[in-house]
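The chain below stands alone, shown as structure tokens; this is the form predicted alone.
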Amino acid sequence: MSGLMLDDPDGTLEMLRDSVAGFAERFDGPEGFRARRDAGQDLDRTVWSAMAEAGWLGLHLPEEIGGAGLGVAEQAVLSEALGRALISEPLAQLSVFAGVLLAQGDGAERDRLADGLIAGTAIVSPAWQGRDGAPAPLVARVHGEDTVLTGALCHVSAPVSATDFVVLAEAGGDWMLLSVPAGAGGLSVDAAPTLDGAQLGQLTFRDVKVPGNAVLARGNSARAALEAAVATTRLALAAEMAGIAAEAIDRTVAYTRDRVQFGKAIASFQVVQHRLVDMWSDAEFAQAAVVNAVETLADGPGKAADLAILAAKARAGDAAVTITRRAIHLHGAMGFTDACDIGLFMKRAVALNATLGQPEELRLLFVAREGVAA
């Protein structure tokens, strides 16, 4: 299948696709998935450093703080290509989400984190959710020149490898985003493996003190930064799942052409052809939804962009999970083995589908947002 059909007047999008293809030749996605899972790691630092060298980590950050200053189209194409290659390091959370938060913040601490994120030397992990996935600000209280944090945050990416966390807290009814070093006193980390070979963690804060300059944003600015980060990351996840779906189809078509049964390639059987067509149409709709979201958001944030992103994430999530499950079925018994790569695509699709909202939840949000005046 072809990639996302977006205008590319200067060839930047094609260059990004080529860079991922070259990267995948050096760092095989499925093998990296297995190696990280078997080692119990939450991040492969070698791969992450190579991603930094490729210029992918600062893609969304503005040029004035050292980023590439590129837009949602470039991020979508990069994410879609990473999905195809099954490069499963948590770029959406540690680069896209964290990058948007930092871009909306200010101050010397923001600049330090941005420099480290771009170089790959700082692993900046956002922490803002409760167990149900909704925002769950820590309790913050002022103690002299310090801010003291208490509470717990869940679903944190790369909890062990992170060098810094950007956490959501609340004081006097106002939200704030703060930088907390991974080794801060009173901070404990619990990590658990995920389906896609990575780990998610829970952070527990017991009177963790951070200095006043650790505040990156507060009040309406903090709320706006979090909303923008969620929306942009949902779009990146949708693009990555569209790439997973497309690659699963390509691999399944190739397999059914080579697999011979009753003296014929199984791709010649009508029932198999019908399944492949169903898979192809689901993937095409997913890619179209992502393109629509990219083009709508490029016109500016607002209700139309919010709805398009929710639709793209829901559509791509359904497509990726359904297509990879059908692909496993068409691969026969070997599709269920760990040695067969197609099962890894399914596991990655399921994990991404659950990140920042399942399709059913996003459709309910769509309906609720649709009824609100722009």
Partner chain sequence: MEAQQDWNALSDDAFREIFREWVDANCPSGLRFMRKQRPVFDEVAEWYHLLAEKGWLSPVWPQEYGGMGLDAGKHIVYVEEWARLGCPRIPDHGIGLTGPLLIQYGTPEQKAFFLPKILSGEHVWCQGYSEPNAGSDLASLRTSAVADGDGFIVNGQKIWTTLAHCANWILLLTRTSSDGPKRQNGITVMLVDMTTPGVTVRPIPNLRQETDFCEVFFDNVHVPSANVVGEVDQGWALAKAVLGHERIFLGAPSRPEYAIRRLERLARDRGAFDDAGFVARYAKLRLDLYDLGSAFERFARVLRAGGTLGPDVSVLKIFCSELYQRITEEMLTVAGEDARYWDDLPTGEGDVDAMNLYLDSRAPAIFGGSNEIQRGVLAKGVLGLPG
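Positions refer to the first chain, counted from 1. These numbers come from a predicted model, not from an experiment.
Beyond what is shown, the protein has a form predicted in complex with the partner chain; the following relates to that form.
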Met346, heavy atom within 4.5 angstroms of the partner chain in the model of the complex: yes
Quick one: is His329 in contact with the partner chain in the model of the complex, heavy atoms, 4.5 Å cut-off? yes
If you check in the model of the complex, is Gly32 within 4.5 Å of the partner chain, heavy atoms only? no
Leu43: heavy atom within 4.5 Å of the partner chain in the model of the complex? no
Arg110, Ile123 and Arg218: each with a heavy atom within 4.5 Å of the partner chain in the model of the complex? no
Give me the residue from Gly133, Gly71, Gly186, Gly212 that has a heavy atom within 4.5 Å of the partner chain in the model of the complex. Gly133
Sole residue of Gln75, Ser179, Thr147, Ser157 within 4.5 Å of the partner chain in the model of the complex, by heavy atom: Ser157
Report the stretch among 292 to 300, 98 to 106, 257 to 265, 169 to 177 that approaches the partner chain in the model of the complex to within 4.5 Å, counting heavy atoms only. 257 to 265
Within 4.5 Å of the partner chain in the model of the complex, counting any non-hydrogen atom, which residues from 264 to 283 show up? Val271, Arg275
